[in-house]
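Form predicted alone, single chain, as structure tokens, below.
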């Protein structure tokens, strides 16, 4: 596992290779098979806490399909002002599905049925709850549970600290524990955001020619 942690040397776009699978090994194996055209199903639903890695995985899959020049759409329901579900695509990924309004839920329900009846295309979605507990139309929630459903388990704080400190070592400095704890308490807790903060802290340290400390982090933030 330590070698796996050390592989996170650069901050790049979400991929299946820079996702730490601890607790999610089966899910990662399934998604790697999916993008290698060895899929088990055409419908996938991922659920878990905010920051657990759901968005990372959906974006990773869509990035790979785009590299394969497949017609692919990623939709983040947290950010899209107007969501278009009248899409014909090889793959459609709908992130943060619990944010859909009533009209959007109807359109997604129709799209899901269209994909299922066509026997073509891949559908992925993510939410903060398992299908049966989503505050969505019952018929839509039921369909989300028809395919493969995986809970995305968040890394423990101890593992996040280990990853941050290993990243810092690869960058040439030591990251104090109090800095890690402060980031976990006051900043976004997903690993990508934490690593970006550590990288920014490193750059500030070099620019100011000061060691990485909690006061320097407070200046950064």
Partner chain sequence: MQKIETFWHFCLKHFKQELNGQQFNTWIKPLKLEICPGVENTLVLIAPNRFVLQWIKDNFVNRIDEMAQSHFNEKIHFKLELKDPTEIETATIKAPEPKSKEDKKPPADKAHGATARKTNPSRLNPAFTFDAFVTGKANQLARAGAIQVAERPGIAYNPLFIYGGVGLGKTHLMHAVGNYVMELDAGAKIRYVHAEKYVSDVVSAYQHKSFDKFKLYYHSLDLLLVDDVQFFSGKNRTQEEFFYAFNALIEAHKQVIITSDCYPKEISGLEERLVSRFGWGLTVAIEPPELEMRVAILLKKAFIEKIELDESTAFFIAKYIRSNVRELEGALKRVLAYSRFTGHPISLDLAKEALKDLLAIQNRQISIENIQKTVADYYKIKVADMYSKKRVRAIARPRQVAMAIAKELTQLSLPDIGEAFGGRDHTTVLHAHRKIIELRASDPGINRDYSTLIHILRG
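A quick note: this is a predicted structure, and the numbers were derived from the prediction, not measured. Numbering follows the first chain given and starts at 1.
Unshown form predicted together with the partner chain; subsequent notes refer to it.
Note on the interface: of 33-41, 185-193, 54-62, 166-174, the segment with non-hydrogen atoms within 4.5 angstroms of the partner chain in the model of the complex is 33-41. Within 4.5 Å of the partner chain in the model of the complex, a heavy atom is found for all three of 90, 133 and 147. Interface residue remark: residue 26 is counted as part of the site for the partner chain in the model of the complex, having a heavy atom within 4.5 Å. Taking the partner from the other structure, the partner chain in the model of the complex has a heavy atom within 4.5 Å of a heavy atom of residue 139.
The closest non-hydrogen atom of residue 101 lies beyond 4.5 Å of the partner chain in the model of the complex. In the model of the complex, the partner chain sits within 4.5 Å of a heavy atom of residue 116.
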